[in-house]
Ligand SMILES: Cc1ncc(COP(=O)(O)O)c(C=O)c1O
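Take a look at this one chain, the form predicted alone, written out in C-alpha cells.
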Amino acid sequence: MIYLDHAATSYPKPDVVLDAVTKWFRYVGVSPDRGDGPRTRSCAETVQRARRAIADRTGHRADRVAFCSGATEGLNLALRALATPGSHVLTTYYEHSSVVRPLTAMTVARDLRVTRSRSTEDMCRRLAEGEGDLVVMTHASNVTGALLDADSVAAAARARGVPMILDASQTAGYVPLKCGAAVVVASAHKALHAPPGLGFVSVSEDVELAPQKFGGTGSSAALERHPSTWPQAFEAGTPNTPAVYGLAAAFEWIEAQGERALLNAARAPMQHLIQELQGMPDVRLFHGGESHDLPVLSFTHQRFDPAEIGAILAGEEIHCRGGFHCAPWVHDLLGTTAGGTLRVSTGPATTTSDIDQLVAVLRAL
C-alpha cells in the first residue's frame, strides 16, 4: 500500500517506537506511581523523560505537562477552563472539530461570542483593538497545510493578558512549538510518530485548568478528594503507559533525525506532487502555497466527487482521504462545502515513485 494520509496518522511508525511499545508489554507491564520497586521506578523515569521532552518544546515546566487520551481531550480540558461564561473567543476558520464542536456547544451553554478570522493578521488586529478574552487556534491547517503565524498571535495576546490555546497536532514533531502560547495541546500519533490514544496538554504557570475527570492517580495517601497538584490532577485513571513508552522513543528518534530534516523529507514529494498537478485539467488545488508550509495538499476534480476519487485510489492500493477532514469551517472559505476535498499528506518515508503512481491514476481519470 502507498500511504498518503500522514495528516491523519503517521505510518509506518519507526522501528524504535514499535520496539519501545513491545518492551512495555513484554518486560515492564506496570504503570508509573502504581507500586514500588525498580521496575516501577524505571517506568516512571521513562514517562518523565517523555514529559521533559514535551516541556523542552513548549517552553513550559515539565510538571505542567499532563498526558491525556489525545488532542481532543486536551482541547476540551483547556476550553472548558478558559472559555468562561460570556467570553469573547477569537479563533480561525482552519480549526479542527476538536475546537469547533466544543466552542459550538459552549456558545449556547455559556453564552460565548466566537469570532472566526481568515488570517493571523486579522487576529492580531482584533487583539490590538481590545477584542477577545481568549484565543484558540490551530498551528497549521490539516486541509491545506498552511502554517499559521502563532508567534505573532501569541505576542499580541500576551500584550493584552489574553490566554492563548495552541492546537499543535499537525506541527508537533515538525515545527518549533515555543511560541509563547499559554496552553499547547497536541496528539502523539501524527508527526510525533508515536502511537494513537495519547496526547498532551502543556500549560504555563500563570494559567489554571480544572480537572474534568476524577479517579485514581497512584497517590500513596488514602484520599477521598482528587489531588489538585500538576500533573496528577489531570491524569486520573490507568495511564496509556505503552503509548508513552512509544512517545519517549519517538522523541529520541526525532532528535537523532532532526525535525527540520524530517519535515524537508516529507515536503520534497509534496512539492513534486504540486508540480505534477498544477495545470492538470479539471483539478483545483488547495495548498498553503508557501515553502515553509506543511506537506498537506487538498484538491477537487470537476468530474468526480472526492469520495469517488478516494475509492478509485484505494482500488489501486493508494491510501488518501476524501471528505471534510474534521475541519468544517475551512470549507466555507474554500468553496468545498458540497463534498469536501481529496487530501494527500506525505511523510518522511514517502518517495517520488509513490507520487508518480498517484499522478498516473489521476491522469487516467
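Just so it is clear, the structure is predicted and the values come from calculations on it, not from any experiment. Counting begins at 1, following the sequence as shown.
If you look for the form predicted together with the ligand, you will not find it shown, but the lines that follow are about it.
Whether Asn240 contacts the ligand in the model of the complex should be assessed with a 4.5 Å heavy atom distance threshold; does it?
Flag for Asn240 set to no.
Residue-level question: is Arg116 within 4.5 Å of the ligand in the model of the complex, judged on heavy atoms?
Arg116: no, not in contact with the ligand in the model of the complex.
According to a 4.5 angstroms non-hydrogen atom cut-off, is His189 in contact with the ligand in the model of the complex?
Yes, His189 lies within 4.5 Å of the ligand in the model of the complex.
Heavy atoms within 4.5 Å of the ligand in the model of the complex: does Ser98 have any?
Ser98: yes, in contact with the ligand in the model of the complex.
Using a 4.5 Å cut on heavy atoms, which of Thr144, Ser169, Ser202, Thr92 is close to the ligand in the model of the complex?
When the ligand is considered in the model of the complex, the option within 4.5 Å is Ser169.
To verify the annotation, which of these, Gly310, Pro32, Gly340, Gly70, has a non-hydrogen atom within 4.5 Å of the ligand in the model of the complex?
Checking each option against the ligand in the model of the complex, the one that comes within 4.5 Å is Gly70.
Just one of 174-182, 226-234, 261-269, 161-169 has heavy atoms within 4.5 Å of the ligand in the model of the complex; which?
Looking at the partner contacts, the answer comes out as 161-169.
Which residues, if any, of 103-138 lie within 4.5 Å of the ligand in the model of the complex when only heavy atoms count?
Result: Thr138 alone.
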